[in-house]
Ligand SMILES: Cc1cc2nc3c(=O)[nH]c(=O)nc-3n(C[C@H](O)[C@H](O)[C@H](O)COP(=O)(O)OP(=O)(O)OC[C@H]3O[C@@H](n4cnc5c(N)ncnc54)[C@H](O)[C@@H]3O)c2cc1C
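Next up: just one chain, as structure tokens, the form predicted on its own.
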């Protein structure tokens, strides 16, 4: 994929207009996913591989600012797999698989996001015509944010409140055609467009969608877990949480994305820090590499450790996701709440920590980290967006907390699932009567406060397992990474440890010394550790982080590409004095040049041939 030079040629994206970015993203996406289609035909890829194409390392290399086709693969198809019955899967999945239709996933509305039960879009069943009537009763009921929905998708899975026989049965999913398959024009009763410029991901073509009593066949309700019969009788789901399978899958994918974004950012910053020299310790001597300063090591090395910790945890989460899914097929729902809590927790923790780490990496590069050509601002825009999409982090952490409290209340009456089994151990008398400044001692302390234990203990356990088969030298470095990660968070969360464990002032002082010693011990291997991520320069796309170390030459080369085009700043839609938040959001969205025409030329030039398999 990286050999397709047409993806990288031309004017850098930073100098393109909003409309040109979208058009460029369609062209690049069609190139990328045409290769995926070829791999499908040759039996070289599966649906699981799409997470590598639409996000993380490869996706953010080929499709730097996101892809309008991303949700088609990450949410539209998984939702059909998870929520459609066999007959519906036979009808829709082949068309989605070969991209003869392009789909999106519309759940969030202008007025509601994380509180799904508050969604306002309605789907009312009309038994006389055997149809559902989709309607947006208010402006705040308009769907807002779905990727690719603006000008790209012609189908969409829509989450709406189901009404039949005068009764509301809560939210359910429906597959809905929004544009004509031949002309790509919006269908009657559909109000659709893109939402406008954002901090990042401007190529994703996020859209809005409203319904004016729009009718769809009864069979377009996804009916794997709940059904509406022809006479309007509602057949209840055996477990309402099963309808959230697509969201859980996406949260698992997000954790992998954070691993990849963080490894890119810390590779760039570490390589730059090995090239950059600043200050003489003695007159006449060569200036020092900034990577030799403990303050720089403090900024960067925990990010290296975190990237490894997140990767190990993401792999374990993926295995858990697949195990629980297999159990669900057999009718065993026991571990579903655990999986939901795990996905919520890890999505929130990894996105928040990655956003903080990427910003530290940017700051570690000084002023040069502020350059778009460093790739760090773009990476920060991508990761900070993940803190709010697919569940706002505070709400997700509260959902995990609720699961932990419920589990704690059942310590003596129920067998605990694997990831929370530590709660019973930590609740035992004399579990933590003394403090130990060791990795195991720190983990015991965190088990007592139930803080970050899922990532930290998994990191330690898996490294212990790896250590049995690696060389003594690598074993030592792996343990240094675990020690650094645990010690860093112990110092960051001292208030919790002081409140719930017997750690003393002397032990805190010793912990600080241990942290600095670990930084010093890791310094000789810092560049090797990021090189081990094996990120090609085409993936990093950074002037500061290239393998050859030509930082200053690349900065100048990139600067010479600037056409010196300035773009105006947007005013705020959210903070106006009159409080017309949703109205102003819509008014601003309608100013987008992509909304000036119902069908962008890229549909006929790129998308349509791609969808018809003629490219």
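Positions refer to the first chain, counted from 1. Predicted, not measured: the structure shown is a model, and the values here were computed from it.
The following text describes the form predicted together with the ligand, which does not appear among the structures shown.
(message) Exactly one residue in 155, 488, 163, 389 has a non-hydrogen atom within 4.5 Å of the ligand in the predicted complex; which is it?
(response) In short, 389.
(request) Identify, from the list 71, 376, 266, 309, the residue with a heavy atom within 4.5 Å of the ligand in the predicted complex. (result) The residue in contact is 71.
(request) Counting only non-hydrogen atoms, choose the one of 278-286, 143-151, 351-359, 210-218 that falls within 4.5 Å of the ligand in the predicted complex. (result) After filtering at 4.5 Å, what remains is 143-151.
(request) May I ask whether 304, 443 and 447 all come within 4.5 angstroms of the ligand in the predicted complex, judged by heavy atoms? (result) Not one of the three qualifies.
(message) Can you tell me if residue 114 lies within 4.5 angstroms of the ligand in the predicted complex, counting non-hydrogen atoms only?
(response) Yes, residue 114 is a contact residue.
(request) Indicate whether residue 121 is a 4.5 Å heavy atom neighbour of the ligand in the predicted complex. (result) Answer no; every heavy atom of residue 121 is more than 4.5 Å from the ligand in the predicted complex.
(request) Consider residue 394 of the chain shown here, and say whether it contacts the ligand in the predicted complex, taking contact as heavy atoms within 4.5 Å. (result) Result yes; residue 394 sits at the interface with the ligand in the predicted complex.
(message) Even though the partner isn't displayed, in the predicted complex is residue 262 close enough to the ligand, meaning a heavy atom within 4.5 Å?
(response) Contact check for residue 262: no, nothing within 4.5 Å of the ligand in the predicted complex.
(request) Within 4.5 Å of the ligand in the predicted complex, which residues of 95-122 have a heavy atom? Give them in sequence order, or say none. (result) In sequence order, 105, 106, 107, 108, 112, 113, 114 come within 4.5 Å of the partner.
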